[in-house]
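Shown below, as structure tokens, is a lone chain in the form predicted on its own; questions about how it binds or moves come after it.
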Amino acid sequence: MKPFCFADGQIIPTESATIHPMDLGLIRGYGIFDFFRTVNYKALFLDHYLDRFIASAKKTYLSLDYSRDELKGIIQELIDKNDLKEGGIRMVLSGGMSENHFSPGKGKLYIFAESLIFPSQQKYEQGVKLLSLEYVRPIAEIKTTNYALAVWHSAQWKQQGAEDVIYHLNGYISESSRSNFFIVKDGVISTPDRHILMGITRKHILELAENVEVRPITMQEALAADEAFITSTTKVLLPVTQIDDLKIGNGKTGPVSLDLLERFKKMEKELCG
């Protein structure tokens, strides 16, 4: 965590940020957040992330007392004050104090600047393993702070050599705990269309991709795919070469995944220099 954050309506030392013990963010796990990267001191895809954050606040009945322009100004000030050339910005709107300790209250806005560590190069070269988990995130289209199941389940990942999970229900895949999921079969790229967060990286991968379909995807299709990968802000595009004990394709990273990753990096460089 970097030394300065935004809390209580001002930029303060991060160690001074506080939250009331009875805030719904703590006692009910109710709140929203968003996270994006800085590249060369610029917030990558900032308007898209603000679109989602502002919409999430509205959908969760939490008041956001700052305009888009005010948020942009705060974010840029944090980037400059923290000398955040390459890193992450985390925006959090807590559930707030509630008269009945249950209904949404007046949320409290925090914005933090963070260091960012990408997965190792080895994972991009060799791909990663996912564990299947029968589950659908509640109100999946909103980036809530409720990651209780994933945090609990993550204790098993390292033991089983996995990077993350892949959620599925009634035979259909939705997403990973913090990433969107894609498969490649016979040159066609497909990604699930329901019970998912509409990821910003996913959005730009879809714009870069050719021969792409957004549709329901079964677990059987995923296991029979030629390639698979996950996308997120902190991973960009990470090849998946195994689900549970079954290999995807030949068990190696594929050309379509690697090509999309390079094209995304090129776009990022063009946008941020």
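Position 1 is the first residue in the sequence shown; the rest follow in order. Note that the structure is a prediction, hence the values are computed from the model and not measured.
Omitted here: the form predicted together with a small molecule. The next part is about that form.
Does the 4.5 Å heavy atom contact test between residue 98 and the small molecule in the predicted complex come out positive? No, residue 98 stays farther than 4.5 Å from the small molecule in the predicted complex.
Heavy atoms within 4.5 Å of the small molecule in the predicted complex: does residue 180 have any? Because a heavy atom of residue 180 falls inside 4.5 Å of the small molecule in the predicted complex, the answer is yes.
Taking the shortest heavy atom distance, is residue 94 within 4.5 Å of the small molecule in the predicted complex? Because no heavy atom of residue 94 falls inside 4.5 Å of the small molecule in the predicted complex, the answer is no.
Distance check, residue 231 to the small molecule in the predicted complex, heavy atom within 4.5 Å: Yes - in the predicted complex, heavy atoms of residue 231 and the small molecule come within 4.5 Å of each other.
So which stretch, 118-126, 75-83, 100-108, 197-205, is the one near the small molecule in the predicted complex (non-hydrogen atoms, 4.5 Å)? That would be 197-205.
The small molecule in the predicted complex reached by all of 23, 53 and 112, non-hydrogen atom within 4.5 Å: Result no, not one residue of the spot touches the small molecule.
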